[in-house]
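Encoded as structure tokens, the following chain is the form predicted on its own, with no partner shown.
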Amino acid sequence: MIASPHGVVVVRPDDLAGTVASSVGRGRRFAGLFAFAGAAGATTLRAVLAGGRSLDIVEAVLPRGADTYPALSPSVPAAAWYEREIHDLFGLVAAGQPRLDPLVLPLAGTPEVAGAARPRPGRPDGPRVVDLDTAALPRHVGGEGVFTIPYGPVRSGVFEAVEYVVETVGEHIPHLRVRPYPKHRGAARRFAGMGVADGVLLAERVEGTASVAHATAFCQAVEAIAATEPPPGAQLVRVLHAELERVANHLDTVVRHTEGSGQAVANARMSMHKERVLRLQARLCGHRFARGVVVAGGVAAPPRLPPAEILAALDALQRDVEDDGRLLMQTPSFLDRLRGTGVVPAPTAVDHGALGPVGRASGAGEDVRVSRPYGAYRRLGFEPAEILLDGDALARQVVRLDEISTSLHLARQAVDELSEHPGGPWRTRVAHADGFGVGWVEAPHGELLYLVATEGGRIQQAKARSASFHNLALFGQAFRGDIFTDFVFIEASFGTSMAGVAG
């Protein structure tokens, strides 16, 4: 975690792109670009760079009235979606970025058409209601026999709303576009002015299936500002719930693969195992998604079950999941649907800094539980998932099955060590402090960042960057050579949370 001023380098706006590109050229990983409304109408741009055990920020302040900054994406292509999001929310133009078409919040009209300045809904003083452009996205591929399939926002099955435009000549997909705006809720703006306790409640709901991850990353940012460390027992409780959350998410991906491939028995079995995990969470804390467990300074309470009962449940779960997973991965008709499907080449993943299982299946292997350990992970031992190079849906499934076993191993370690802290304490008081901090966790989808600024005991600004947002920029590139019936497997293998993408 970073608490200002450590790890922050301030540069002129004209030097931001060059500084970031130079750092990436020296081996740093680009982890995001974010805009924050500053004092007197100024806007602060913060680029986050990761590498080794450190996380650094390059910061530039655009004065009031400045509407442009030099684009990072020509030299750091992974910045493209971040520049599009900033344009949507703040109206800032990344000069030199060839594609600033709408992403998370398409606004109807332009200044030329509307006769007024572009709305800036990302700023605290911006409009609370904006008119959305719901017109169909334009096509990019032409030629005889080419047609478009508008897929979404509403689709069959239990899926989040997202707009896809599939451009195809019948089966093969030469081009695909994605726009997740139906899920945008203005989460970053909602944080402003909240107390820390309410901020935790909101963080849990930014990406509902990763409630523990979001609450933990948010709290770690706040704890960094206050120079506070949760008690050891509380850190272990956080690990227990975080790893169970990871297992549930990974099992959900397997369930979606088995459903798409018609594996009825495996679908039923894996669905049952996911439900067992969620029910275990509920027995431990009273909520299936473990909401209310993580609080600033620690956790609300210890697990409600005795250690022996938790360990027995974890042992039974691991045995059954591994047995059923082994049978599934020996089923030729299942493997044939995943092998060679949705390939993200290793050089592409590494250059983009792909995160989580998507990255680890394509040679980009950072797991921040290992590279930048936090909380109890600094003293728990485990072997991270093997880094693969195949980059297809099958490799992403293999990584997730491997991580399920690792997560259950970590959960058992956490329960074993909790016996050394039978009476807590479970929470450290977090004193009010003003400043800027960054918190991070390895969420089920990959590295999750929270950038938080506090003032007067309240949240001034907060921004979450999920791995889903970072990874989804690669989604269209995974369709080269694939056909429309592969769509369900490619989408499921990315494990994307649209709520985490749209914010």
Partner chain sequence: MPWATRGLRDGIVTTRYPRRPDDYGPGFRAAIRVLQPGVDPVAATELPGLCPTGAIGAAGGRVAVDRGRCILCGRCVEGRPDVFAFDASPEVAALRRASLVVTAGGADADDDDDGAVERARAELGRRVRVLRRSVHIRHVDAGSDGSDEWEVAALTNPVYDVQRLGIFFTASPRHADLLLVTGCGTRGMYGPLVRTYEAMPDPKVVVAAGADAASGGLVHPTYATLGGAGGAGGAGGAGGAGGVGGAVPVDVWVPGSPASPFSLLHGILLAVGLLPRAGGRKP
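Residue numbers count along the first chain shown, from 1. A quick note: this is a predicted structure, and the numbers were derived from the prediction, not measured.
Only in words, not in the display: the form predicted together with the partner chain, which the text now covers.
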Listed residue (R378, R429, R99, R304) with a non-hydrogen atom within 4.5 angstroms of the partner chain in the predicted complex: R304
Of D133, D324, E167, D351, the one that lies within 4.5 Å of the partner chain in the predicted complex (heavy atoms): D324
is_contact(E207, the partner chain) in the predicted complex, heavy atom dist at most 4.5 Å: yes
Partner proximity in the predicted complex: A266 to the partner chain, non-hydrogen atom cutoff 4.5 Å: yes
Proximity of P121 to the partner chain in the predicted complex, heavy atoms at 4.5 Å: yes
Partner contact for L89 in the predicted complex: the partner chain, 4.5 angstroms, heavy atom: yes
The partner chain in the predicted complex: contacting segment from 281-289, 72-80, 369-377, 392-400, heavy atom within 4.5 Å: 281-289
The partner chain in the predicted complex reached by all of A161, E275 and A499, non-hydrogen atom within 4.5 Å: yes
Sequence-ordered list of residues in 175-195 near the partner chain in the predicted complex, where near means a heavy atom within 4.5 Å: P182, K183, H184, R185, G186, R189, R190, M194
